[in-house]
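Listed next as structure tokens is one chain, alone, in the form predicted on its own.
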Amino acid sequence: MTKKFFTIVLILLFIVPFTAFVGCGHETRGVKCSPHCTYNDMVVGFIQTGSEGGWRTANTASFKETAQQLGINLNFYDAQNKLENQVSAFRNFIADPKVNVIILAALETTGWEDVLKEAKVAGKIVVLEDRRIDAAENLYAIYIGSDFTEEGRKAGREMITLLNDSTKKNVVELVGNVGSSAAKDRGTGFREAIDGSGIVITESQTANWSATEGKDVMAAFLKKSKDIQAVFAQNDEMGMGAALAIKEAGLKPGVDIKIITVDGTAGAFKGMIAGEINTVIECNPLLAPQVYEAALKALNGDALPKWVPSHEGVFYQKDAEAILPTRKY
């Protein structure tokens, strides 16, 4: 009896762990299904920055709607524009055995090395969307998003055209979150483009992508001096806020002070139709189809480029009314 008892115990000790491992195969589907994974095998943890404006709202909607269309299990997290929330959510998705893909829209470029290493050890696919980060490329599968530096260059080239006939060329800059790749790169590209043009950036201050802060910062600029010929707003919301401040100061936005913004939301198009915003540089938020396609390829072990840029254009006042009905955000 004793020998039989120990024999049964040994058998159970071998069988139970093996059965438990097989039973959780559905929870690690990214590994089990490869190289024949489908969208139904994807369980995504998506870490969004927050909901700071029309662009971000459209970006979030793109991921939610596309996931539903493709049959992807999406776990969405709004970090409320707090880096510590993003890092905490990242670790929670690493610990979740059902999640096989983590999609990150990073608030800031730094602070990601540790969690990316943890994700790699855990076998999670990491895809960066919209925002670049400063981390080793072997720690994530791919970045899909805009060339923010080129967006800044486009804004700079358009600013040169707008101020071509102006005797003075004083420009103020409304900056987004100063730690983000979008803010850093747009500022860099803008300065590259205007170098040697005679344009002078007299003021530059963050307004954190916010219309309210954009208005407040612009009002403060105007109190110091009204000798301003143009505004470079790194997103539409800040530009629309600046337009309100300019009107309250007794000036005409788009006429007395030119405004260039970045994104291409419906609000900016309405601003162009009203004559208050002159030019808008496009930044496409509808990235979900590209991101999910890349994540699926990564799950199946396919080789991917490290960056797939978005296709984006430039919009002008004269075309705004005709284009607005075709915009999806």
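These figures come from a predicted structure and were not determined experimentally. We number the residues from 1 along the sequence you see.
Just so it is clear, the following notes concern the form predicted in complex with ligand GYE, a form of the same protein that is not shown.
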item	value
Option touching ligand GYE, based on a heavy atom within 4.5 Å in the predicted bound form, out of 299, 283, 260, 44	283
Site check 155, 203 and 232: each within 4.5 Å of ligand GYE in the predicted bound form by heavy atom	no
Residue 173, heavy atom within 4.5 angstroms of ligand GYE in the predicted bound form	no
Residue contact check: residue 185 to ligand GYE in the predicted bound form, 4.5 Å heavy atom	no
Distance check, residue 190 to ligand GYE in the predicted bound form, heavy atom within 4.5 Å	no
4.5 Å heavy atom contact, residue 131 and ligand GYE in the predicted bound form	yes
In the predicted bound form, segment of 270-278, 55-63, 32-40, 291-299 with a heavy atom within 4.5 Å of ligand GYE	55-63
Ligand GYE in the predicted bound form - contacting residues of 195-217, heavy atom within 4.5 Å	209
